[in-house]
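The data below hold one chain only, encoded as structure tokens and taken in the form predicted alone.
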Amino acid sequence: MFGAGGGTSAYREIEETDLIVLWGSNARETHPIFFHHLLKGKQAGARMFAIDPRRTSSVAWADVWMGLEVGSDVALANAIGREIIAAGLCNTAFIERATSGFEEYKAAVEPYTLEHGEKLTGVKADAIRDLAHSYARADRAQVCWTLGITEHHNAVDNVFAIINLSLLTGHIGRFGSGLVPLRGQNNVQGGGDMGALPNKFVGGQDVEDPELRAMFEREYGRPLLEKRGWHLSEMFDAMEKGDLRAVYVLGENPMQSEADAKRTRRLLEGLDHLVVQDIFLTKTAEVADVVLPAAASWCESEGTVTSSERRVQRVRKALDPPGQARDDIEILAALARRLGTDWGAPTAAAVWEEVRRLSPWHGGMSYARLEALNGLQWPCPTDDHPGSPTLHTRLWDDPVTGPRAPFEVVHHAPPVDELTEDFPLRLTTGRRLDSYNTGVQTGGYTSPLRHGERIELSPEDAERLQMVPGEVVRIVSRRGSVEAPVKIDPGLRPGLTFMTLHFPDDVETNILTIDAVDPRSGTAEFKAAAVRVEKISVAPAAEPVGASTAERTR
């Protein structure tokens, strides 16, 4: 909607805002560094709403918890928007000057009354009204979200629904007011910025734009494809059809990270040729035809990383990679030679200069400036540009500079995996503080917080199912089943269960998840599987040692 795939605000802004909306994010455990910035905002007096199906450890710092039904985010956002309009709290001057499509949006959200919003989301009408009025009246407000918004079959609609609220109130393009999608892994932002997306060149430039493509063709001295490539979910669909027969995986473990793990395993094992480049022998690497051992980029390579606030920072080599491991750039250059193109021996500095030539976001970011200024935030187009802590300030120009920001009409669409008598419980997945994704990087280290995988049940569901803590049970979805011990979590409402993906060697949670995919982002619906939980034993095992972070902060 704004033409740039990055958060609008610097971390410092949440320290000086008046209202924080933490939506679909347990940032206390999954983004702990950012959460320290958030807590500074709380300590300075900011009011905080936490929107999450679970009463997570982050909720301990919230003034209001809004425990919505999984997958009802669009309905909640539309109800908030409708209430802002009905109460006459819109920023009319901003809407008229800087946006388009308001009348269509207004008509679309009209049915989402507070009462209808409560029916769809499970959030009380009074709480929806409170958030709507508080957000609209705040001088400065920040909305932060993570995978609780984006790991759904309608992920893009969820994001659009939140952006609509910022346009409705003018909470965009000003210091302290913005939209903050938190990146879940180091340099996720940088990977996208560097063109590791099927529809973008470096610097967020459209691969299907003929003028932009011509610039890259001149740089590389050869024609480029006119159409975007496949995103990850489309790649698996292409494997299914036989259109994709060879895959090169760099620093990823799709064998254990993708939804519907049985299908993923079948497709990866059925390829003609699989290459994995990684610092670990992952489960994906174990079935590869070729494994290329890579350097650990954070300490064995030169280069840059980009954080969620769009800050580009230098990475410096401290160690030589062990054994036969080689720097990623060295591996790729060697492969290019085998394929008939000699890149010579490119260094990280030389690659970065290419980025600066081609990307308008990064043109002013020399290594010297990055080191002297502790990083710079894109866009930073020239050597005398200070960087851009806050994006889209142009929307406050009068008249507005550049295109207007459009409202997008979106409507509620429930999760694809329906709850039925056979599958009456909603399973949502996420991360915990002590572990990381599929456990490749954290599983080899001990932690007093770590307890292995469990199926977390509400006290009401545990009583109804006659299950006790530590009892091993079977969790069944339409795609398969796994076994795991029970953990009773008072932060869960009846009908909601929770698991992580951290221990797939012991409990392969992604056997249960559904690969219903958002058509625009390619993201699978990891947050909304339908399951049942069955008893398989009588005598309970001992309760695992150590309480979770959420328990200790209640």
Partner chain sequence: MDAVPMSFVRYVDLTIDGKSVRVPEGTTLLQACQSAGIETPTLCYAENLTPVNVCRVCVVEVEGARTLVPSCSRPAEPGMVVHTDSERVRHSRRLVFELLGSSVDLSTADPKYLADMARYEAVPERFDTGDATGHGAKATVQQPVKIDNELYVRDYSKCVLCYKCVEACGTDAQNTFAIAVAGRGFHATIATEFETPLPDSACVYCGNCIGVCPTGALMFKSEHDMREAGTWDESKQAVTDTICPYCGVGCTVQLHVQDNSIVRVTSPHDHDVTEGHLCIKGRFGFQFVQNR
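Everything numeric here is computed off the predicted structure, so don't read it as measured data. Positions refer to the first chain, counted from 1.
Beyond what is shown, the protein has a form predicted in complex with its partner chain; the following relates to that form.
In the predicted bound form, its partner chain sits within 4.5 Å of a heavy atom of residue 39. Taking the partner from the other structure, its partner chain in the predicted bound form has a heavy atom within 4.5 Å of a heavy atom of residue 186.
A residue is said to contact a partner when one of its heavy atoms sits within 4.5 Å of a partner heavy atom; residue 395 fails this definition for its partner chain in the predicted bound form, lying far away. Not displayed here, its partner chain is kept clear of residue 99 by more than 4.5 Å at the level of heavy atoms in the predicted bound form.
Stretch 40 to 48 is the answer when you ask which of 40 to 48, 525 to 533, 483 to 491, 511 to 519 has residues with heavy atoms within 4.5 Å of its partner chain in the predicted bound form. With the partner omitted here, the residue from 247, 127, 95, 305 that has a non-hydrogen atom within 4.5 angstroms of its partner chain in the predicted bound form is 305. This chain is drawn without its partner chain; in the predicted bound form, the residue among 290, 319, 238, 350 with a heavy atom within 4.5 Å of it is 319. Scanning 9 to 45 for heavy atoms within 4.5 Å of its partner chain in the predicted bound form gives 11, 15, 28, 29, 30, 31, 32, 33, 34, 36, 37, 39, 40, 43 in sequence order.
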